[in-house]
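Listed next as structure tokens: two forms of one protein chain, kept apart as structure 1 and structure 2.
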Structure 1
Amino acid sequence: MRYAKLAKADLPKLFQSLKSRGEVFAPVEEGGKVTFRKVDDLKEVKLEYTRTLLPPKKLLLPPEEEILRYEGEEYRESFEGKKAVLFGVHHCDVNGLLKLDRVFLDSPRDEYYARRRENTLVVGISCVPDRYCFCTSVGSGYATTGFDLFLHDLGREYLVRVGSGEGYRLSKEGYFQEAGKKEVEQAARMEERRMGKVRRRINLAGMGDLIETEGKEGWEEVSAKCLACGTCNLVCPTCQCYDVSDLLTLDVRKGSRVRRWDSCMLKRHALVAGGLNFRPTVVERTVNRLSCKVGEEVRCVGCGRCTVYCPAGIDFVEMLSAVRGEAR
């Protein structure tokens, strides 16, 4: 890893340089929530924040996107190769992107995601945890790769970790300074303090097996209040599911094929033509969701979004504790 130092006073210079590389999307506070939005000025950016409503995934895999256009039976791909910058991404969300990379860049890769990923610079920044964060117990409390630059707040300056060739070129710009062991030590202490604020713990030992053997009654209990609204999936930085629809125009020849984020908690997720649903109730869907997040492998990055935004107040960590047989 290459390290550099950036005085906070020089952050606007970095921002300008990023802007020359593409549209900058950064956390912005609006109406009591923080969201990634296109920004023109660093002043709009909320540098210290806890979590955005939707994860930065939305810029690489848009909530809704046209993937094809057709005329008759002839299909053409729809793609805009815009350059972009994701500025101010937290450790957990960078790790979330890495988990998505493993799905969408795996052969055969998803061209839409892959091209956007290639066209997007990622600049990380350390976060402000709250009581819902548990990134440190799912191994996502620190990002070691998946970014071009990562900014660690040292008070008056940032230690900048450089994670890519483009990041290297940026770090060679005049307003960056050399950084060494001293700054890295400072950053490590800062990170230790920051991670210390992540108090929530989740015990995943044997979790997959616990999920597999949990009985129907147990599942009914943990999902009793579930409204099957899909929010938990839609705000998740690692949910990959999408659904596809064809839209037809009135000339009945032309139209487009669009994909939209999907949720495994919804009716149609495992429904096949003819009416058979392989996951007919929230019980099977909850088993599937938890298996996907923490059973088969750890896909959860501990951002806390599914708990924070669940309209029924279902707590992901408590759900898993219940499956473990605790808090019953």
Structure 2
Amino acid sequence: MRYAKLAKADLPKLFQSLKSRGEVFAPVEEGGKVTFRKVDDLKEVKLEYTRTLLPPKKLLLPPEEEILRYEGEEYRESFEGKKAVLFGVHHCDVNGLLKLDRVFLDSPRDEYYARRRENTLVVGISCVPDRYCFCTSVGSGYATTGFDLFLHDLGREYLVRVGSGEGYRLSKEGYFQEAGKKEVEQAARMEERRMGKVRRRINLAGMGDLIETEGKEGWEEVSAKCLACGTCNLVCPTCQCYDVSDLLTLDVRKGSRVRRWDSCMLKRHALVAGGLNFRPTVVERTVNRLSCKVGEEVRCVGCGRCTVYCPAGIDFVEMLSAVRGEAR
């Protein structure tokens, strides 16, 4: 991996270079919440933050998108080819994108996601953990790939890790300097201290088996407060479920096909033809969600969003601790 360094005074120059490569989406604080949105000026950007409300996933897999439009016997697919930049993405969210890549870029390849991913430059930055973060327990506390550039705050400058060819071309611009062993070692020490601040721990050994064998009474206790609203799915960086609807005119001469995010915690998610629902209760949907996140494969990145934004105050780590029989 190539390393460079960037003086903080030169960050506006990097921002202008990023703008020349596409629309820039970055964390912005609004109404006490931080969200990714399009920005035109570096002054709008908040780089010191813990988590955004919605993950950057929303820019690669939009909450709602038209994927096909037809009229008569002619149709066209709605591929989006805009160049974009995700600026200020944390380690956990970079790892979240990698988990989505495995779903949407492997066979069968999702061309809508793939087109956006290929046209999006990712610039990461280290985070400020809080008491809800548990990324180190799920292997997402540090990103080694999945980005073009990654910035590590060293005080007056950033150590910059270069993760792609496009990132390399950016790092060769005149405002970057070569980084030496001193800067790399300093960044490593600061990353060690940062990850040491992630105090929350979760033991996932054998968790998939424990989820499958937990009795009904235990699950009813675990899911008792759940409102089945689906917020946990909406804020999750790795939830991938979606629904597809055909919207037609009354004469069916023209229409469109629309894809929308879906939630496995909603009752209608498992509803099939004939009115059969193979996960009709909140308990069954909770089991399914936990199995998806930490069962056979760990898809959770430990960002803490599902806990922070749950309207019922359900704590994801405490819920799994209860399954293990540990004190909450």
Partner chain sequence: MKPKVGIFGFTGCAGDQLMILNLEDELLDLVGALDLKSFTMASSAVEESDYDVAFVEGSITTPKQKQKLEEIRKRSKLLVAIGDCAAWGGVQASCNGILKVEEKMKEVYGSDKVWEIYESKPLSAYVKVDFVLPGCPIEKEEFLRAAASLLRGDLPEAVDYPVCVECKLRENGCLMLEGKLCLGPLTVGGCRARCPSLGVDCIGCRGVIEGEARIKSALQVFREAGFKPDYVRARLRMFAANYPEILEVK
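Between two forms, the rigid core is the largest collection of C-alphas that superpose within 1.5 Å. The shown structure was predicted, so the numbers you read here are calculated from the model rather than taken from an experiment. By convention here, residues take numbers in order along the sequence of structure 1, the first being 1.
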Check your understanding: Any idea which of the pair is the form predicted in complex with its partner chain?
Key -> 1
Check your understanding: Is the C-alpha displacement of Gly72 equal to or greater than 2 Å between the two structures once the rigid core has been superposed?
Key -> yes
